[in-house]
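Okay, so here's just one chain, in structure tokens, the form predicted on its own.
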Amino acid sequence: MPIVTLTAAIADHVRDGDSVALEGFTHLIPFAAGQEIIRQRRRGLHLIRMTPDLVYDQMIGAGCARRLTFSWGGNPGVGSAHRIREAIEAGWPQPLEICEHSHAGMAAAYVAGAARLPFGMLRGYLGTDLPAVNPAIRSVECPYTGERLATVPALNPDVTILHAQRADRAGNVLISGILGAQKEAGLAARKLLVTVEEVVDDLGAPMNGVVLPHWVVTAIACVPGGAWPSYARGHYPRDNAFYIAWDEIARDRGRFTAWIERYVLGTQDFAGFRARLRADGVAA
């Protein structure tokens, strides 16, 4: 399990056409990794995320994706994810296929993927309209009770990317604070990349505190601030002002494209991205 630069991690492990999951629920969203994928101009990706928000708005608007599997999309607390919406509704910058689930359905699919089972089951979907727009949602009869249960195909991303507070030099990862589907998405993946705030000699983890041991991690990159503008418990708060500002940036194609070109494509890495924002008077 090597500790590498984020540039090298993406270059070595994310290919055009891959299925890629960037997970993190409000907290520890791997923005730096998403922007590095944009910077390296990956194309044709199948993006997977329970809550595609600003990080996927940026990636989809930059032309990285052909397909999106998700369970909610938007700018949390603000409004629409305008680049995702325009890709779906108008095919700009290219058409985007969608596979829509509920949060429970996505969780069941990740759990099945982590267990290397072909599908997950849940009490849900049946009697709703979602199976009419997602043909992957099917059902089975329980062999014990005769109950009809909804099923979803397992999710096994080619690559899952997470952000966490710390990793040790052996590659064990400690996540502190709110969890979404990080553990399940990580265990379901063929490759797991993790960006962290710091690499330490000793995690100081409580018993059973390490849910991502070194043997499931493909590579680690130390990227301080790598979840900004989302938050990392114990390191920095959510930058609510940026989420509000993003609504206007993303609403217009030209303004969005200029922002991506200046701050992402026009910088060498995430540190350079944040330095340019600060130089332009944007808190980062």
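Since we're looking at a predicted model, the values are computed, not measured. In this text, residue numbers run from 1 along the sequence as written.
Same protein, other form: the form predicted together with a further copy of the same chain, not shown, and the subject of what follows.
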{"property": "Every residue of Ile38, Gln40 and Leu45 near a further copy of the same chain in the predicted complex, heavy atom within 4.5 Å", "result": "no"}
{"property": "Non-hydrogen atom contact Arg123 with a further copy of the same chain in the predicted complex at 4.5 angstroms", "result": "yes"}
{"property": "Contact label in the predicted complex: Glu147 to a further copy of the same chain, heavy atom within 4.5 Å", "result": "yes"}
{"property": "4.5 angstroms heavy atom contact with a further copy of the same chain in the predicted complex for Gln94", "result": "no"}
{"property": "Contact label in the predicted complex: Asp201 to a further copy of the same chain, heavy atom within 4.5 Å", "result": "no"}
{"property": "Contacts with a further copy of the same chain in the predicted complex, stretch 110 to 131 (heavy atom within 4.5 Å)", "result": "Arg116, Leu117, Pro118, Phe119, Met121, Leu122, Arg123"}
